[in-house]
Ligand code: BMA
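Below you will find one chain, with nothing else, as structure tokens; this is the form predicted alone, and questions on how it binds or moves follow later.
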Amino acid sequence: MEIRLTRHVLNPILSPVSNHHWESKYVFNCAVIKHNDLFHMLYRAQGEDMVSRIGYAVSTDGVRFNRLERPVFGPGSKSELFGVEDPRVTRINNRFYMLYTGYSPEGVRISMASSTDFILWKRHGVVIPDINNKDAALFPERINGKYVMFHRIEPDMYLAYSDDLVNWSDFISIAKPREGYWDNLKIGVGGPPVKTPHGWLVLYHGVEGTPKPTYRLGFILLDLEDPRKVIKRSEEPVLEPEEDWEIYGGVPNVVFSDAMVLHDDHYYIYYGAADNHIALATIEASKVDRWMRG
């Protein structure tokens, strides 16, 4: 049984603002988390200097967002000289942990910051040093006493484990590109995983290399007790570039998600479209449940 997402009629839901110098060119790749009946969005933006910064927006319905005029997070060290990219946010206890990619002449590194209000952030620095790495997301709870994190050492999707959220080890490849499929070049996690009775539901992106690089989305289901074990994986993508604003843009032919939220018996999936805009696609939770059981 294959399933597909449905685009929201109001798409795109967030676009560049010409008179905001830091987000005048592109807004894309956002984290979204629902907390206290509000949807909190942290999104990547670029302006004329092409340095990536992170903005904040909030919504009562998950569709119509109001944003701040200034970024809430920007480059803060030499490992972030060219920008901070692609946030993913997980609530652990009463704190929100943001994993993001720092980009500099040294390459790309996974870094972490945390907050209690989404506005003021405490930096924890690079968490996996000395290797190009990105697409990181935390599980919302410990598994067998360990914190668990997705990351991507190209081209595979990996897990890492930690006792303290600072020191990470046991890098394990859990999923690889599949020859002959829509994800044959490289893959990476979408938003943080969602715990279900059937396993950890994971949204991920896959890239097909030919005839032109194209980013699509799919699901992976992982074992609850041992997320190194893949139970199921999308044979076909659940979303792919089809609209003009997904096909043409800063990076063409891209749908790329960092966020999946369960709301009103639907999964709300927020995605960057061609690195130009932010859009929303949804699917009934019951359909995903049948896919997981099928």
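So that there is no doubt, residue numbering starts at 1 and follows the sequence shown. All values derive from a computational prediction rather than experimental measurement.
Heads up, the form predicted together with the named molecule isn't pictured, but that's what we're talking about next.
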query: is_contact(D86, the named molecule) in the model of the complex, heavy atom dist at most 4.5 Å; finding: yes
query: Contact test in the model of the complex: E284 vs the named molecule, heavy atoms, 4.5 Å; finding: no
query: 4.5 Å heavy atom contact, V27 to the named molecule in the model of the complex; finding: no
query: In the model of the complex, V254 touching the named molecule (heavy atom, 4.5 Å); finding: yes
query: 4.5 Å heavy atom contact with the named molecule in the model of the complex for all of R44, K134 and Y215; finding: yes
query: Segment assignment from 260 to 268, 246 to 254, 65 to 73, 227 to 235: heavy atom within 4.5 Å of the named molecule in the model of the complex; finding: 246 to 254
query: In the model of the complex: members of 268 to 282 within 4.5 Å of the named molecule, any heavy atom; finding: D275
